[in-house]
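This document starts with one chain, in the form predicted on its own, laid out as structure tokens.
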Amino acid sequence: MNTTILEANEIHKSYTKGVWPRRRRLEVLSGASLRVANGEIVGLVGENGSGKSTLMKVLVGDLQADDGSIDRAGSFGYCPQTPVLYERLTCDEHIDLFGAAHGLSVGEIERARRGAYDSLDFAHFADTWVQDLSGGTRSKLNLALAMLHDPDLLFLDEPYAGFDWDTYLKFWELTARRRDAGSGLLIISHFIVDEDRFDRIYDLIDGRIVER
């Protein structure tokens, strides 16, 4: 029986725009709720500007919600839409750095490194600086770092942007393996083509979430 590892209830988030006397509040999330259980892939879909990335940042703790509650269980990994990488570090150096930050042993880092390179096929860029990588390879590294510590829950924000078709298929093989191993995954995107790859799909509409 699947156990809920993420539950968000009635999340509200607004931003203040402009300067006085024309300052106004823009409500982005107006009571958004969702849940993710272990062993499932959940999709969150919305148009550009609908608040998907804002919700994701609230869920991982990058932003403070104005109201609502979030309950997470276990460890989590976050793959942001824009890769957060260091231009003058290589792929190997990123893996070493993030692995140490997660408290992994040398052996665990090596196993995670081999798994990432094999799954996403970018071992030939191990010694390449990020500044010399293509956008697609940066996305591969971004995803690899999110999964490095084998988290119970994965937050993936537009994770396959920039992937070619072969890497796109590898991505789904990888996520299916993680689901089958008991991880929960939340994938957000402005469109979903392969609906059958998801266990459940939510739509973010006018600041609220509706399950399909």
Ligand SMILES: Nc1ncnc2c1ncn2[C@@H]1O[C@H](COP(=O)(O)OP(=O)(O)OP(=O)(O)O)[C@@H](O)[C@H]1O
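All residue numbers are counted from 1 along the displayed sequence. Note that the coordinates shown come from a computational prediction; the quantities given were computed from them, not determined experimentally.
The same protein also exists as the form predicted in complex with the ligand; that form is not shown, yet it is the one meant from here on.
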Distance check, residue 28 to the ligand in the predicted bound form, heavy atom within 4.5 Å: yes
Exercise: residue 200 in contact with the ligand in the predicted bound form, heavy atom 4.5 Å: no
The ligand contact in the predicted bound form: residue 48, any heavy atom under 4.5 Å: yes
In the predicted bound form, residue 66 touching the ligand (heavy atom, 4.5 Å): no
Contact segment among 48-56, 163-171, 31-39, 142-150, judged by heavy atoms lying within 4.5 Å of the ligand in the predicted bound form: 48-56
Candidate from 81, 75, 119, 90 lying within 4.5 Å of the ligand in the predicted bound form - any heavy atom: 81
The ligand in the predicted bound form - contacting residues of 138-158, heavy atom within 4.5 Å: 158
